[in-house]
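This document starts with one chain, in the form predicted on its own, laid out as structure tokens.
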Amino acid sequence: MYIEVRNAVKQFLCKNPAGGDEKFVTVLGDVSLSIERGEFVCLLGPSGCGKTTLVNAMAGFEKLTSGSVVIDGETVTRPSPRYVTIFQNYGLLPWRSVRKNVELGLESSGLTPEERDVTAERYLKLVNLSAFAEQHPCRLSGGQQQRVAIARALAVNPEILFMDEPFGALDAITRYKLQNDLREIVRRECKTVVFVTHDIDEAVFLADHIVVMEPNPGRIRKILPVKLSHPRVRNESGFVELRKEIFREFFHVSDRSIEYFI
């Protein structure tokens, strides 16, 4: 197995707002998960179910209270250039051009300036932003800025992309376009992806497996395989049926009641 989360528990020490002693709050409760190389896995669930904590533990940003994360046979203890995290807020440097933002991770790689330029151009072309290479992030739309973040992540050739609600702040049309583009880019680049979302349609559209999570404490409720071919169409029967199945998991409602939700 390529990524293995083994009995992951994460607790935080929190102050009691009413006064008194501090207490531990369990954010992740005994979570185990296996992901194959090349899979696109979505962590799906409501706020507070531990999705971000889990992906941060996989990426090496969060230390577990107990349990472990193992990637390709090595226990994760810190971030690694083998895997890159893309966040919702883009994280671009406003004083650098689009090209220089994409080159950021390459500057410690030993590549010459010419080699960095060629690599940046390749990935800007991949995300259809070559024409904006010399612009600064403030001149780009939100969707274009997220494309720059994706290009920057891919430029260092990571094995894994960890993505924490990267399209959450975008309008619906831009989001749909980036979902489609991301799936095609990942297919061409042969990457493993762990993608955090609270959007059911997004998970069904993107994922090979959907990990449905629930809160208090955060844990895995169910893992659903997505046996739909690509490109996926949101109004096809298989897509609609899987979406209904996920709604049933969350809301415990009958098929007739689901119509009021979707």
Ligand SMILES: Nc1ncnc2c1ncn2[C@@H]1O[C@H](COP(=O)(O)OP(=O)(O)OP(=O)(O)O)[C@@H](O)[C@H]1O
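Numbers for residues come from their place in the sequence shown, where the first is 1. It should be emphasised that the depicted structure is a prediction, and the values quoted were computed from it without experimental measurement.
A second form of this protein, the form predicted together with this ligand, is not displayed here; the remarks below concern that form.
Asks: With this ligand left out of view, which of L33, V27, L224, V69 would have a heavy atom within 4.5 Å of it in the predicted complex?
Replies: Of L33, V27, L224, V69, the residue with a heavy atom within 4.5 Å of this ligand in the predicted complex is V27.
Asks: Which one, 204 to 212, 50 to 58, 231 to 239, 34 to 42, holds residues whose non-hydrogen atoms are within 4.5 Å of this ligand in the predicted complex?
Replies: Among the candidates, contact is made by 50 to 58.
Asks: Can any non-hydrogen atom of R219 be found within 4.5 angstroms of this ligand in the predicted complex?
Replies: No, R219 sits far enough from this ligand in the predicted complex that none of its heavy atoms falls within 4.5 Å.
Asks: Heavy atoms within 4.5 Å of this ligand in the predicted complex: does E165 have any?
Replies: Contact with this ligand, yes.
Asks: Is there a non-hydrogen atom of F251 within 4.5 angstroms of a non-hydrogen atom of this ligand in the predicted complex?
Replies: Residue-level check for F251: no, no contact with this ligand.
Asks: Even though the chain is shown alone, can you say which residues of 192 to 230 have a heavy atom within 4.5 Å of this ligand in the predicted complex?
Replies: Read in sequence order, the lone residue that approaches this ligand (within 4.5 Å, in the predicted complex) is H198.
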